[in-house]
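Presented below, as structure tokens, is a lone chain in the form predicted on its own.
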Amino acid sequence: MATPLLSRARVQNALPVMALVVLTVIVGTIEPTFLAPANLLVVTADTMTLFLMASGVTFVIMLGCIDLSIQAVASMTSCIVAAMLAQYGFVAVPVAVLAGALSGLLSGYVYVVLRIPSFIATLAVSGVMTTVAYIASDTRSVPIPAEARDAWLFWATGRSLGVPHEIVVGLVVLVVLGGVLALTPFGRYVRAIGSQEQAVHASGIAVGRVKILAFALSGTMAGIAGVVMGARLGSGSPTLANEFLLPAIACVIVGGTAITGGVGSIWKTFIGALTIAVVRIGMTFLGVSVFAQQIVFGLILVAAVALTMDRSKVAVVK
């Protein structure tokens, strides 16, 4: 017979999937065309950019930290790839992703070495990256020539065998980062630090190094998200991802990753991203404005934190 604790864990693991199924049925009832296979493929493809951004920040949140720079990093990398692609070809892609990784590395350094709270450190880095984006784009939207996009960003646009390439990219990231979190020492350290940081530190693990790497990974994934976003829209802009911060963090929390750290997985973030997409589409069908949708996402985030937060780790909420 299952213990109450085990039963509760099973319910918590099943809740994200159950919520996704229920919401999909509700939206499908409101608008039956939503459930058409072709439409579901389009919805999933549109969700992948959000998932890419959320997948990296999952590691940071599992540490019990937060990264508020991911939207600025994604916008910056879209500007870099848009400004460089026509002249330098595919080299623009690794340069943009590297810029994202360095941004995350800087956030991690400020947080760990200077001992600045993660939300302050990443908020400061967000401002720096926004400035870099404006410089790279000359304070304007930078179009990506169609021929350059088709030649070098084909992996982020178009279809193969009827499947949008964005879905392929998202599934590759899901498998790779899921494996990193579940099968590597780094992934186990991230989970352990989020659960019992002092015990991990006492065992001789370089906690600071793991944290910096987690922030670097978050910046890298935000950088990839910015490249894919730029490829999809055909341009880069300093404000391209401004509306993605709240939904990206909501994806992670709605998927069941605890804001207090130690609990979570990449596949849950994937489910969370699909859930957020279904909620967004449902609100669009109901005529809810884009600005009002941010209110809904905020309420969803509060509710998800209330359900997943481990209050035993926080004696006093500050």
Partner chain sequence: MSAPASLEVLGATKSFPGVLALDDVSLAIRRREVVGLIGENGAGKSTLLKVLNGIYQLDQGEVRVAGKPVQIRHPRDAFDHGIAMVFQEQSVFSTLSVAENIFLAREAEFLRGGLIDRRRLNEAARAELAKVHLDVDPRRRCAGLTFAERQMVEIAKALSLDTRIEGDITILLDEPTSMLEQREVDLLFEIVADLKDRASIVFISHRLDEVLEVADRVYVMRDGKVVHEVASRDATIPELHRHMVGRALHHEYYREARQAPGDGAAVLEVEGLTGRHGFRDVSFTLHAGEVLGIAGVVGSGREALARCLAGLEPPAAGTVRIDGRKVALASPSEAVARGIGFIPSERKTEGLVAGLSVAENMTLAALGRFTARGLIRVAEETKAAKSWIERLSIKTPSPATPVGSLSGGNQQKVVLAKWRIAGSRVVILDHPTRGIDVGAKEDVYTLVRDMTDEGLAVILLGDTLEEVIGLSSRILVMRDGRIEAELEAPPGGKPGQVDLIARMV
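Just so we're clear, the structure is a prediction, and the values are computed from it rather than from any experiment. Positions refer to the first chain, counted from 1.
Keep in mind that the form predicted in complex with the partner chain is missing from the display, and what follows is about it.
Exactly one listed residue, out of 163, 172, 183, 98, brings a non-hydrogen atom to within 4.5 Å of the partner chain in the model of the complex: 183. Between 79-87, 183-191, 223-231, 148-156, the stretch whose residues reach within 4.5 angstroms of the partner chain in the model of the complex through a non-hydrogen atom is 183-191. When contacts are defined as a non-hydrogen atom within 4.5 Å, none of 20, 29 and 33 contacts the partner chain in the model of the complex. The partner chain in the model of the complex is not approached by residue 213, whose heavy atoms all lie more than 4.5 angstroms from it. Using a 4.5 Å cutoff between non-hydrogen atoms, residue 91 does not count as a contact of the partner chain in the model of the complex.
Although the partner is absent here, residue 205 sits close enough that one of its heavy atoms falls within 4.5 Å of the partner chain in the model of the complex. Taking the partner from elsewhere, residue 142 is found to have every heavy atom lying beyond 4.5 Å of the partner chain in the model of the complex.
Although the partner chain is not shown here, in the model of the complex the stretch 58-78 places no heavy atom of any residue within 4.5 Å of it.
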